[in-house]
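Form predicted on its own, single chain, as structure tokens, below.
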């Protein structure tokens, strides 16, 4: 039983990590607390579902369509909806407050479009659902493939942020936008790129989750809540912390669902969040001020 719980939580945590890394980039770099991140994830899941059922396109190939489309869409959102808020904000607190209100409204717009297109029904599809034996237990091949892709994307993001010029610019803006501008970094362009990249990562997570989870147009808020909890648990702006926190959250959810009651997973998530705020408010990888 312990082996099943650990492996299942790892497989789920991979997709959670992509979602959390996306919000980490958007909040840690662009200073935008995007409350519509769950709708981006669910929208990507619906896009993969539609391309698979209507166009007979493999969900793995849909990543080549959904992820770039999410990048462009999030760049447009930042450019035309959020940039005016950034320009008028006198301080970080004002920007965060305005962005929360703006993305909260965007949440309902995106949710309404999905409800109009797909209704309130739950959707799922079968892809790579063949059983695979691992450690003498059976798991779905789709979960294993989703975890492998999520791990590869997370590693690529970490290497990109650590060893490329654009990655170092993103890290500089995350630490101190004013100082970054003084060393010839285009702060608005870098922030927009980070916001768009965050949306693309979230969409990638949504496409992967759609291969083995049932979803509907109204459940984006649940994923947004989980992403916020993971980001705060891991430490705002820290990619490594987001990955660790995502795996920890998935482990707690899997343990509660397997050993106690599936209906208590949300309560366990909140309890973990409260404990983090009480005993580690700076996050797993964060440092005390």
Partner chain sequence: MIFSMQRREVATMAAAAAALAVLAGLPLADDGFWLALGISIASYVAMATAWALFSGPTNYVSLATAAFFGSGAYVVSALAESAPWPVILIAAAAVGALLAFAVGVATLRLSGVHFVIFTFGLAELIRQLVTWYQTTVTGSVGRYIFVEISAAQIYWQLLALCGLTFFIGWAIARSRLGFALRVIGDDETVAAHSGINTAQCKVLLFCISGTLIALVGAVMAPRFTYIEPSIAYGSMVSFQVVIMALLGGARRLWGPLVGVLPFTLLYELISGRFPNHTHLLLGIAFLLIVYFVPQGVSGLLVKAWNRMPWRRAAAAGSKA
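Residue numbers count along the first chain shown, from 1. Note that this is a predicted model, so its numbers are computed, not measured.
What follows is about the form predicted together with the partner chain, which we do not show.
Contact annotation: of the candidates 128, 100, 185, 213, the single residue with a non-hydrogen atom within 4.5 angstroms of the partner chain in the predicted complex is 100. None of 168, 81, 132, 151 but one reaches within 4.5 angstroms of the partner chain in the predicted complex through a heavy atom, and that residue is 81. Between 28-36, 238-246, 41-49, 60-68, the stretch whose residues reach within 4.5 angstroms of the partner chain in the predicted complex through a non-hydrogen atom is 28-36. Taking the partner from elsewhere, residue 112 is found to have a heavy atom lying within 4.5 Å of the partner chain in the predicted complex. Using a 4.5 angstroms limit between non-hydrogen atoms, residue 250 is distant from the partner chain in the predicted complex. Contact annotation for residue 120: none of its heavy atoms lies within 4.5 Å of the partner chain in the predicted complex. Residue contact check for residue 75: none of its heavy atoms lie within 4.5 Å of the partner chain in the predicted complex. Along 245-273, a non-hydrogen atom within 4.5 Å of the partner chain in the predicted complex is carried by 261, 263, 264, 265, 266, 267, 270, 273, in order along the sequence.
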